[in-house]
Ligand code: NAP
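Shown below, as structure tokens, is a lone chain in the form predicted alone; questions about how it binds or moves come after it.
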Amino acid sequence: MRVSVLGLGIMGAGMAHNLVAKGFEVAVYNRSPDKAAPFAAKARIAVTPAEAARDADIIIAMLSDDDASRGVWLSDGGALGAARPGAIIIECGTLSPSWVRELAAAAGKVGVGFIDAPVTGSKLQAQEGTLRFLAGGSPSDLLKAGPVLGAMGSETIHMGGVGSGVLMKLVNNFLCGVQVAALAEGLAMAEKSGLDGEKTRAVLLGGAPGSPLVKAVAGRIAAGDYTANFFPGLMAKDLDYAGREAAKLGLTLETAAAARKRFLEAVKAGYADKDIAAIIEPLRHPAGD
């Protein structure tokens, strides 16, 4: 089975490596060629999305936002124009449901199947091939794509029709973003009040607030390790998409808006290329201090 991977960031690179390791014939594309260089000996490196997609059975994209996805699929030299009838697109980015449905409709017009399958998990899970895919699409397309998804993840959860996968991912990341923002505020409050940091973490992580995400991020904060697993700007984007989608349903996600503010503050403070754990730093050192 021939597979193309479009986007070799933190997540896409790990996914592509697992596909190569599992014996798939892989072509890769990334806008910045340096990120494709590590694949030179084991995959075909394409210079355009169209070149990567040509003759592929499955075309996977892991891209940052709607604009990046639109450009890779529909621009001049885009992947969809080169996809052969009968191929299947798997869009793994955390995108807006409206764009995903638009892309699925465009794929259908040229006889290409479509699955939206964003993931839960981060850098480590992408590297280990233990991601969970939240999939929207037809059962027949999911069956065909099953071996490819299985090579990159431990579980595929079929949420329903096209768009249901990304909608579930937005709900998931909404809750994650709020937890991380609340953790940063709580730890900053404890630090400024003089509470013992180690004891504070032990109480929080050993009690009801201690979700797996909170434990992971608290550990990075304690170690001062902001090596990127997930960028603050991408979390801000996800919270924005979640808020917009909720508004269409007549809901206002007040906590999403508040959490998004914290992630944007981290970006503005110079932590755009660091991990989301770095959102505590502007709370420790407010602008002007």
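What you are looking at is a predicted structure, and each value in this text was computed from that prediction instead of being measured. When you see a residue number, it is the position in the sequence shown, counting from 1.
Keep in mind that the form predicted in complex with this ligand is missing from the display, and what follows is about it.
Identify, from the list A43, L63, A259, I58, the residue with a heavy atom within 4.5 Å of this ligand in the model of the complex. Spelling it out, the residue with a heavy atom inside the cut-off is L63.
Heavy atom within 4.5 Å of this ligand in the model of the complex - residue from S164, S122, Q179, T200: Contact residue from the list: S122.
With heavy atoms only and a cut-off of 4.5 Å, decide whether L8 touches this ligand in the model of the complex. The answer is yes: L8 has a heavy atom within 4.5 Å of this ligand.
Please tell me whether any heavy atom belonging to L253 falls inside 4.5 Å of a heavy atom of this ligand, as the geometry stands in the model of the complex. The answer is no: L253 has no heavy atom within 4.5 Å of this ligand.
If we define contact as a non-hydrogen atom of the residue within 4.5 angstroms of the partner, is V72 a contact of this ligand in the model of the complex? Yes, V72 sits close enough to this ligand in the model of the complex that at least one of its heavy atoms falls within 4.5 Å.
Though only this chain appears here, would R31 touch this ligand in the model of the complex if you measure heavy atom gaps against 4.5 Å? Yes.
Sort through 151-159, 107-115, 184-192, 87-95 and report the only stretch with a non-hydrogen atom within 4.5 Å of this ligand in the model of the complex. In the other structure, the partner sits against 87-95.
Quick check: do G12, K35 and K169 each get a heavy atom within 4.5 Å of this ligand in the model of the complex? Each of the three qualifies.
Using a 4.5 Å heavy atom cutoff, which residues in 230-269 contact this ligand in the model of the complex? It's fine if the answer is none. Residues within 4.5 Å: F230, F231, L234, K237, D238.
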